[in-house]
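First, one chain by itself: the form predicted alone, in structure tokens.
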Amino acid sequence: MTRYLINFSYDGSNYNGYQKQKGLNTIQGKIEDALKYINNKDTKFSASGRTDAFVHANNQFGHVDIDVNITENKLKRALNSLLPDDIYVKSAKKVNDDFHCRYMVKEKQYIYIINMGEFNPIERKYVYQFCNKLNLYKMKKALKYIKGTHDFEKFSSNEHKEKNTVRSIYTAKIKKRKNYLIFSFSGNGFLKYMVRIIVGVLIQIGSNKMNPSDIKQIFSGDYKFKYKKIAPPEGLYLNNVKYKKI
């Protein structure tokens, strides 16, 4: 048996999220179907984390144990020959048997893209078509409150009632390119809907419906108004994952 680390990307437009679910079209389901053919048996594929329905990944990672003798390059080619065109394996690398793609994550990076200009039907599955101007200065000011180590329970759905909702955000940035805003967040981990709720709050701040300092009140539990407007999934990308050791 050999453990492989798989680096792959996908267009999430046609999928009900990453995690395998009975009767639903998922990224994990497609990959495990391909691995079953290669490994001659049902084979579990573990990823660095889940992505929601319609969310994309530029660089997602997962590990798998393969019993048959196969080189890294042949495994990559075999997977790509069996996977649909909206999932692509970039590399397959042999790793130690104790490597775990989820528990050994050092840093994750997400990006979120918004179009403030004219509606673009071609990009509608890949960029949030907000189609209104936003106050970039106020949003950048608000990002200062997001960075650092906080309890992000109030910036997540927390439907799974996780015991630990404290996360560290290392970088939080916004870049403007013509009519597009590109948000980037890196940290040691993210809760369910966390990035989309943060972006939703930033959009309200950029629309002058909230103030940057309101984020401090949300963290403390003192904010008394409804603020959880989850940004649509289409603009969200898992951009990269870094590991402590490989």
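A residue's number is simply how far along the shown sequence it sits, counting from 1. Owing to the predicted nature of the structure, the values given are computational and were not obtained by experimental measurement.
Missing here is the form predicted in complex with another copy of the chain; even so, the following discussion is about that form.
- Shown alone here, residue 86 lies within 4.5 Å of another copy of the chain in the predicted complex, counting heavy atoms only.
- At a distance threshold of 4.5 angstroms between non-hydrogen atoms, residue 25 is out of contact with another copy of the chain in the predicted complex.
- Residue contact with another copy of the chain in the predicted complex: residue 211 places no heavy atom within 4.5 Å of it.
- Contact check for residue 217: no non-hydrogen atom falls within 4.5 Å of another copy of the chain in the predicted complex.
- With another copy of the chain left out of view, the stretch that reaches within 4.5 Å of it through heavy atoms in the predicted complex is, among 162-170, 145-153, 92-100, 78-86, 78-86.
- Between another copy of the chain and the residues 176, 74, 140, 124, the one pair within 4.5 Å by heavy atoms in the predicted complex involves 124.
- The three residues 19, 110 and 243 each lack any heavy atom within 4.5 Å of another copy of the chain in the predicted complex.
- Along 47-73, a non-hydrogen atom within 4.5 Å of another copy of the chain in the predicted complex is carried by 56, 57, 58, in order along the sequence.
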